[in-house]
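This document opens with one chain alone, in structure tokens, the form predicted on its own.
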Amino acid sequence: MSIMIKYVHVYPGHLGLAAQLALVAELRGLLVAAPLFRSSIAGGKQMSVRMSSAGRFGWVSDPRGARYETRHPATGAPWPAIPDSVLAIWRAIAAPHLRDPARLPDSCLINWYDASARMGLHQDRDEGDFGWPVLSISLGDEALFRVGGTARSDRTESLWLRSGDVVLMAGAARLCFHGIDRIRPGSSNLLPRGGRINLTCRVVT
């Protein structure tokens, strides 16, 4: 079952504790191959989240701009494959919203938030076709998710995302402005050192 915030579908508790633990274990191995790094935004300011990716493409941002790349910016290696467990979530939740139900994401962005990290309101606009949905998975500490409309000035609504929640932005929600205002430290013991992991799956090409 899902709930709606603005036009966005939220699936509370879609992943049980066992599934969350298994996914975190997979991510540990993945991040050995593709270590977390910091991207920069306009003006050279570093983002407060650390990130990595899996899939054919990874998202990076630096003084040359935001874009998708086929290789990790620090190691030069191709990104590791998206875990099958993540693809299973995509098939279960995103498939009904796909014009081709067999289409899988090209990229899974991995964002790690510490207690002070946030993500300003933004649109996901670096993909080639906005007809495909964006799916995200929350693991660890709770995060205050804020979503508006397709104009930055539109009224926003907020919802606390908890570990195991899944969010789908499809159709009218695909280009909604959205962001994370703050993290609630210590609200989950899923990650031994605390913090929050967000996985965001996108079709790039």
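What you are looking at is a predicted structure, and each value in this text was computed from that prediction instead of being measured. For every residue, the number given is its place in the sequence shown, counted from 1.
Only in words, not in the display: the form predicted in complex with a small molecule, which the text now covers.
Contact check for I89: every heavy atom lies farther than 4.5 Å from the small molecule in the predicted complex. Interface residue remark: R125 is not counted as part of the site for the small molecule in the predicted complex, having no heavy atom within 4.5 Å. Mapping the unseen interface onto this chain, S107 falls outside it, with no heavy atom inside 4.5 Å of the small molecule in the predicted complex. The closest non-hydrogen atom of L98 lies beyond 4.5 Å of the small molecule in the predicted complex. Each of Y113, L161 and N198 places at least one heavy atom within 4.5 Å of the small molecule in the predicted complex.
The contact with the small molecule in the predicted complex, taken as any heavy atom within 4.5 Å, belongs to I180 out of I180, L27, V166, A54. Figure note: of the listed segments 152-160, 29-37, 172-180, 62-70, the one touching the small molecule in the predicted complex, with heavy atoms no more than 4.5 Å away, is 172-180.
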